[in-house]
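Same chain, two forms, each on its own as structure tokens: structure 1, then structure 2.
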Structure 1
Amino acid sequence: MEERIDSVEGIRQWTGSIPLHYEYTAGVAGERFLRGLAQGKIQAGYCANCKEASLPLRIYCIKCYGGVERSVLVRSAGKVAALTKTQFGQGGERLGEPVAFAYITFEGVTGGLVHRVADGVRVGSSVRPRFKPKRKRTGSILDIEFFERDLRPRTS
């Protein structure tokens, strides 16, 4: 019996998908950084040759290509270098409330981190990470819930 085609759509296209899942190896530097987050710490790599700390943590220096063995604790407050409020999620869905993201830099550290920020944060704001409660941390960038304004009095 012949099948009857009653719509041109059916013959003009077909749909398919690529169901792919990954388990990315964190690596030496990645593991060190993520373990640090689980302990409520942000760590930068330190190149002894360039005498420079940088984020994200890597096992090599992108300037001199030397090995980076040391990591240093980022103690300084972050500073918001750029700010955006996103209206759509990664699946293209409209978000109920816009989500604020910032690019955050740290004094004495090259590079920085992109992360979510709390309401009221402005460009130039001094910010600090709000970590999840310790028992809820998994060694993920999401162990930092967001960055919020650092209202601590300046020590210097």
Structure 2
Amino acid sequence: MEERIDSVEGIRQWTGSIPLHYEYTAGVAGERFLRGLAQGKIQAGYCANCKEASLPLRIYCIKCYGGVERSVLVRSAGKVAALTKTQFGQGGERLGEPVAFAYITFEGVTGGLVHRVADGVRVGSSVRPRFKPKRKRTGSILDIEFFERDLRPRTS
């Protein structure tokens, strides 16, 4: 590394580089959500004041701004509220096959998740998550491989 010190009108300048290392955490609520995914569970935050569950899991309620101190398991199948397909990856590279993403909502839960969906899924489809095998989960949103159509019979 070449270092150079210049003095211009009384201002000192150092040309070089300072190595910086950043680590970002998921935060308290994000960690709780990701640990749930590693166990094959989707968790929503529950506000005791508003009596409402919400996704993504947060540490405060977006309605009353009170603390969200517990989470609840999302047990119902999801429903596709919006759907899109892309032919490009995150870096702008062209993908071999288009990939479908959906905004998925859950009964009794405010908000939802955006994730990949299987072929044949349409807006309004009932879907359920397909998790990776337990030994391959890492506590990532990608522990859910995709959402697929829920073909289980409905119970009343």
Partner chain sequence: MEKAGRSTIVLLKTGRVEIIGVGYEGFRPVVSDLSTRELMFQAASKAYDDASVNPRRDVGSFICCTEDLWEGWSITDEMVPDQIGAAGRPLCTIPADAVTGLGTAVMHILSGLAEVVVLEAHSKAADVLDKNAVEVMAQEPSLLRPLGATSDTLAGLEMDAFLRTSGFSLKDVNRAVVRGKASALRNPRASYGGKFSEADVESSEILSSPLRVADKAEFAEAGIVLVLASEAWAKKNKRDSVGIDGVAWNSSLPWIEGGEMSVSGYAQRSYSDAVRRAGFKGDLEDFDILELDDTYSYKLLQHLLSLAGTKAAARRILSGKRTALNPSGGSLGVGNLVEASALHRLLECALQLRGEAGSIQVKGAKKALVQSWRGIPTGTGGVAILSR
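For the two forms, the rigid core is made up of the largest set of C-alpha atoms that agree within 1.5 Å on superposition. It should be emphasised that the depicted structure is a prediction, and the values quoted were computed from it without experimental measurement. Residue numbering: sequential along structure 1, first residue numbered 1.
- In this pair, the copy labelled structure 1 belongs to the form predicted together with the partner chain.
- Positional change of Arg135 between the two structures stays under 2 Å at the C-alpha, relative to the superposed core.
- At Leu20, the distance the Cα travels between the two structures is 8.8 Å after the core is superposed.
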